[in-house]
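In the block that follows, a single chain appears as structure tokens, in the form predicted on its own.
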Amino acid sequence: MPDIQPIQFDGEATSNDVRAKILQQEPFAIRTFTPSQCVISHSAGSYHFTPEGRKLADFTSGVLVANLGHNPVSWWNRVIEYLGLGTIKEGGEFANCVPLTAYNAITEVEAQANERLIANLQAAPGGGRINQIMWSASGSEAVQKALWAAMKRKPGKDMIIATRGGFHGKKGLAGAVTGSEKDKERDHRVQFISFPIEECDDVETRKQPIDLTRYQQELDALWAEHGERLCCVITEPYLGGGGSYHPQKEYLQLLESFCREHDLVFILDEIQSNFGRTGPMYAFSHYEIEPDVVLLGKGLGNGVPVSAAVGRNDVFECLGYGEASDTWSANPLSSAAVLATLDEFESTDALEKGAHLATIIEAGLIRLKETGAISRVRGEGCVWGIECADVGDREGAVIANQIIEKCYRADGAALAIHLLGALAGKVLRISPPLTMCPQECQAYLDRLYDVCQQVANT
């Protein structure tokens, strides 16, 4: 067993104690590595607070979850209203509260969530094929359910095309379509095609026209070899876990066209990108495509665990009773959270705020290249990746960890920033809530610039 020592920082007695206890109580395998291992006592808006009272700007949105920020009061009030948490009876129960689980039963709040989410999707450019929802509790489960349905749609057609470098989860079929054919224990039913990483490795590169010839050739070769068994194509609007690669829209349009030509199900995994993260409400609108199935999660519940595969009823109806059920699917708490999140997006200017913030983030991150610590910048909307450069004898992965730790420590009275562990070894994700104050965001981007400059010159 590796000798894993708890991360400790001077002046953080309570946090250090919590870190040490957690390392004893839980296997370290349940969390990804980050040099800060931030201990959070509470969160509000765009900020986390440590037990010692330190304030950190959340440049992660809780891994692309809190698009509206942490614990917005109006959102919580809506959740409480949908759950029926009103007066308390003399015996101690809430008077008209729905149960928190309703397995193999139906609640009105679930029906409301279905109606509202389908209407919102259909109103978005590219959402015209969506008329049913398969609920679940995690992204991996939504991926699995969508793939199960696609594989049962036509007898004998059980092979999946996935894009290399993607991340769809770790479990079952979600794990099988993640990564590439080089990964261990690969499911023989999964075939991979290239993602245009070289063509979108920087914001400037992405502005150039893309030659789709080799991608079309890969698709044609797969059809020639496996056409009798192919059932679907699954991809992401951008490679999130793979290093934040955002393709030219023509690439995704090519995949859509291939699916239409050969009657395959086109599945778009928007778990990281829905609800305003790339700009519009859904990334499929941004990329001008019309998927057959869209996978939603993370920002869908603004912090409450919920996910869904939404799409064509003729695809979903291929599954029989119970084949897509689980304990927490469409539970009332998740349904209330989805409704509250839809209320906020439909009644406020959250998307407009995100669009304005995006211009500030882009300019601030491109400026980081001047420091010598950052070699490439990739992204759109309020989700970006900055690739750390090799500096002297320090590789980009080392630079990334040094930036994370220095942002967290925030020497003296400097502004502190919470960042996640690096993607693909050396890419730092920058994804604050859409609702972050623009002036405050600029101040923290300036702080990030100073950190990058200090790390590069160390």
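Being a predicted model, the structure only gives us computed values, none of them experimental. Quick note: we count residues from 1 along the sequence shown, nothing fancier.
Beyond the structure shown, there is the form predicted together with a small molecule, which is absent from this document and is the topic of what follows.
If you check the small molecule in the model of the complex, you find a heavy atom from every one of G139, E236 and K298 within 4.5 Å. Partner proximity in the model of the complex, defined as non-hydrogen atoms within 4.5 angstroms of the small molecule, places exactly one of 164-172, 245-253, 106-114, 365-373 at the interface: 164-172.
I271 is the sole member of L83, A176, M281, I271 with a non-hydrogen atom lying within 4.5 angstroms of the small molecule in the model of the complex.
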